[in-house]
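Below, in structure tokens: the form predicted alone, a single chain.
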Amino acid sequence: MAQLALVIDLNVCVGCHACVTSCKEWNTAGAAGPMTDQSAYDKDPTGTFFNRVQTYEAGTFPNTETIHFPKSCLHCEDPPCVPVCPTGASYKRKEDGIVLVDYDKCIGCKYCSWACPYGAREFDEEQKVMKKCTLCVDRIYDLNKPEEERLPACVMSCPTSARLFGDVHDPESDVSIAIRERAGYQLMPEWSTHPANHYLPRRKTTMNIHQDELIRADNPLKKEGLLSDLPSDKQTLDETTSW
């Protein structure tokens, strides 16, 4: 049985939100639309997004790094949102493993959102139904599109190719190879939902930078007096980096 899913490479995601905006654009005009934003920027914002990018800082200053973490429905192989639905509106397709919502059956009770440990369900304030990522099911099976365009909108729009799409049950697929060779992992496996979507971990790299490469009037390390004395025999940034 196939299981379509996304594999997201956290090492190359730059947090540009292209996946967020393309997802919003496609699904607003597609089978899941409209996806309303009644109060997008006020103190109590409301809006329906299938894909979000969470950005946060890790580490202790000055040794910090910015991490961008895209998150959407993980299309779990054992989705807790399905059995709690009192009307059967939430269901998992046998042919490709995609978890979907039948809007005609949904009564907006929000049971599925309470059951989902990942916060991936969205309540549409205008239509009063629950919505979620569909892996662009109305796009990936559209035979009117060229085969290379039968991909989720977020995958098509990613400028760094941080998003892969395919069958994780096929050991020879690109997503399975990436998971196997690059230590792909599931989000919060302790919940035993067996998420189909996987993440490829960030890879730590080190660079040696000469003192003269840090001489700038606005360098915050210089202002804080935190610049270290680097030995002159260390390699420069140009010598250790492939631009």
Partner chain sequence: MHPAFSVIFLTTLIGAGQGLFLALFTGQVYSLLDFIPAQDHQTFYGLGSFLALFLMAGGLIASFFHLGHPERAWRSMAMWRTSWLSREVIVLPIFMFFLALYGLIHYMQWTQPLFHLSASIPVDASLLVGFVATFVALVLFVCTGMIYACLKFLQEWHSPLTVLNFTLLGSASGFTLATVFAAYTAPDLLAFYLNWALILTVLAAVGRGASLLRNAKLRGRSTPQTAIGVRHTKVVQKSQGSMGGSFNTREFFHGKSELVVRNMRTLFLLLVFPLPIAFLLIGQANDSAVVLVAAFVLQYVGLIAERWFFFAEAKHPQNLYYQQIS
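C-alpha atoms forming the largest set that superposes within 1.5 Å between two forms make up the rigid core. Predicted, not measured: the structure shown is a model, and the values here were computed from it. Numbering follows the first chain given and starts at 1.
Omitted here: the form predicted in complex with the partner chain. The next part is about that form.
- None of the heavy atoms of residue 135 is located within 4.5 Å of the partner chain in the predicted bound form.
- In the predicted bound form, the partner chain sits within 4.5 Å of a heavy atom belonging to residue 52.
- Although the partner is absent here, residue 100 sits far enough away that none of its heavy atoms falls within 4.5 Å of the partner chain in the predicted bound form.
- In the predicted bound form, the partner chain stays beyond 4.5 Å of every heavy atom belonging to residue 165.
- Contact with the partner chain in the predicted bound form, defined as a heavy atom within 4.5 Å, holds for exactly one of 86, 146, 159, 171, namely 86.
- Taken together, the three residues 69, 105 and 125 all come within 4.5 Å of the partner chain in the predicted bound form, as judged by their closest heavy atom.
- Only one of 151 to 159, 77 to 85, 92 to 100, 138 to 146 places residue heavy atoms within 4.5 angstroms of the partner chain in the predicted bound form, namely 77 to 85.
- With contact defined as any non-hydrogen atom lying within 4.5 angstroms of the partner chain in the predicted bound form, the contacting residues in 101 to 121 are 103, 104, 105, 106, 107, 108, 109, 110, 111, 113, 114, 115, 116, 117, 118, 119, 121, given in sequence order.
- The Cα shift for residue 55 between the shown form and the other one, taken after rigid core superposition, is smaller than 2 angstroms.
- Once both forms are overlaid on the rigid core, the distance between the two CA positions of residue 28 between the shown form and the other one is under 2 angstroms.
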